[in-house]
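Take a look at this single chain in structure tokens; it is the form predicted on its own.
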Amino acid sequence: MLVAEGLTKSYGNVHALRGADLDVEAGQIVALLGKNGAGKTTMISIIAGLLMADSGTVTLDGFDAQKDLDRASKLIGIAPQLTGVYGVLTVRENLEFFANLAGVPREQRTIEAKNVAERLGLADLLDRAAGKLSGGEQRRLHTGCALVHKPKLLMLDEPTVGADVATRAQLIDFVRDTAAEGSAVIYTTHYLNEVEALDADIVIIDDGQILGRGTRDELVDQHRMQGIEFTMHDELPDSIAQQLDAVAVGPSTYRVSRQIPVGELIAGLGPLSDQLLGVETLRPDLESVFLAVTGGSLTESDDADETVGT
């Protein structure tokens, strides 16, 4: 469905994408994982035709999407991280408006708006102004506007940021259903439990480059890590962290990506060992995979927006 090859994008001396490739088949969910500034939003924006790449190609359903933006826009649904619904319009009007933009015939818009509202738990709110919805309801409507025209490629950029637990569960179920119906889905998130719930294929991006791809089990097998994670009362001096090969993964929390006896850790900490609060053996998971591939922790990322161009 989608084949993006060799995408590059620079802003002066800032290289947002460095020859990045991405392909997604119909019915497949690909989770694009990367810290803020890794290039996720830039890649999605280029695929959607909102940005032009400096080089590289985007092929969508067999045609050059960058040369035929009008045709591509009919096949793509995109929900950026920032909620983008019109507060003065009702839920129904928002859905029908975006359906109209995507070329859905007039007689079909009402039907599709109702179907999407029912699937996202908004059926009883169709005539309520979007500005009077709760945050979770607005998030669901925002996603619904991206797929009311049944796109062949759906791209969701941090769709559950700030959402409540119920909204997250509904969106996850809806994404799974959308893929099962044949849409290709690109899903960016910092929440690794969502990736596992979606049973998504995983693409890891860092500093504008694709560094890893596979299923969860494949990546864990490829990058199985041994080591420990330990927490201190205060931050470690850089010199001690470097000596231990310890990488900060949270406030006063560090990982050593090699087998190291606790006695060796205590000896390496020296006088600071009395600040040691806890030690845990690393077990293979997606977070440890991300650390192994990129050298940093995905959970260090906050939920701030990744602006276009980063």
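The shown structure was predicted, so the numbers you read here are calculated from the model rather than taken from an experiment. Numbers follow the displayed sequence, beginning with 1.
This next part talks about the form predicted together with adenosine-5'-triphosphate, which is not shown.
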| property | result |
| --- | --- |
| Region of this chain that lies against adenosine-5'-triphosphate in the predicted complex, out of 55-63, 32-40, 256-264, 278-286 [heavy atom, 4.5 Å] | 32-40 |
| is_contact(H190, adenosine-5'-triphosphate) in the predicted complex, heavy atom dist at most 4.5 Å | yes |
| adenosine-5'-triphosphate contact at V24 in the predicted complex, heavy atom, 4.5 Å | no |
| Any non-hydrogen atom of S73 within 4.5 angstroms of adenosine-5'-triphosphate in the predicted complex | no |
| Contact of A16 with adenosine-5'-triphosphate in the predicted complex (heavy atom, 4.5 Å) | yes |
| Listed residue (Q209, Q170, T231, Q81) with a non-hydrogen atom within 4.5 angstroms of adenosine-5'-triphosphate in the predicted complex | Q81 |
| Contact set, 146-169 vs adenosine-5'-triphosphate in the predicted complex - heavy atom within 4.5 angstroms | E158 |
